[in-house]
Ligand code: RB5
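Given as structure tokens, the chain that follows is alone and in the form predicted alone.
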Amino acid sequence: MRLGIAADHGGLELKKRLLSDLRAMGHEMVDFGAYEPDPDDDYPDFVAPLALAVSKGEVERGVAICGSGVGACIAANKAPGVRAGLIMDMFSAHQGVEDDDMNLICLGGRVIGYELAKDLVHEFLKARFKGEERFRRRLQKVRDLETREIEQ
């Protein structure tokens, strides 16, 4: 699978380890940075290009990491067609894909350890969207939110 990965300084060490592990598993990886620790960097500078690559189909799925995972998730969900989730448990890692067609997983580099992060990403990657009518209907409502004018 062709995957994208991105992290700011808060997720850099976790990103490096996951990047190596995912390459070893045979995935083609696109690294959107950061590449070196810089406490003044900003997660949108790395997560936004990753999310746009997912949105455009340049990568099949994405992994975004910041200190808590929250900022990365907020930024990723601004790209059209991106369905990012902040994941900290195994059930959500697969259920988010199966029911909600999640295509970008967000992790907190300062709140979960490497082994759990690795397991969560593996669970995310092996999951497949079920495609049942009720799930497709819900996703259409989400797509409608992306294109709707905000009512005042």
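The shown structure was predicted, so the numbers you read here are calculated from the model rather than taken from an experiment. All residue numbers are counted from 1 along the displayed sequence.
Same protein, other form: the form predicted in complex with the ligand, not shown, and the subject of what follows.
Put simply, of 94, 110, 27, 122 only one has a heavy atom within 4.5 Å of the ligand in the predicted bound form, and it is 110.
Shown alone here, residue 90 lies farther than 4.5 Å from the ligand in the predicted bound form, counting heavy atoms only. The ligand in the predicted bound form is not approached by residue 46, whose heavy atoms all lie more than 4.5 angstroms from it. Although the partner is absent here, residue 68 lies within 4.5 Å of the ligand in the predicted bound form, judged by heavy atoms. At a distance threshold of 4.5 angstroms between non-hydrogen atoms, residue 16 is out of contact with the ligand in the predicted bound form. Look at 60-68, 46-54, 114-122, 29-37: in the predicted bound form, residues with non-hydrogen atoms within 4.5 angstroms of the ligand sit in 60-68.
Along 1-36, these residues reach a heavy atom to within 4.5 Å of the ligand in the predicted bound form: 8, 9, 10.
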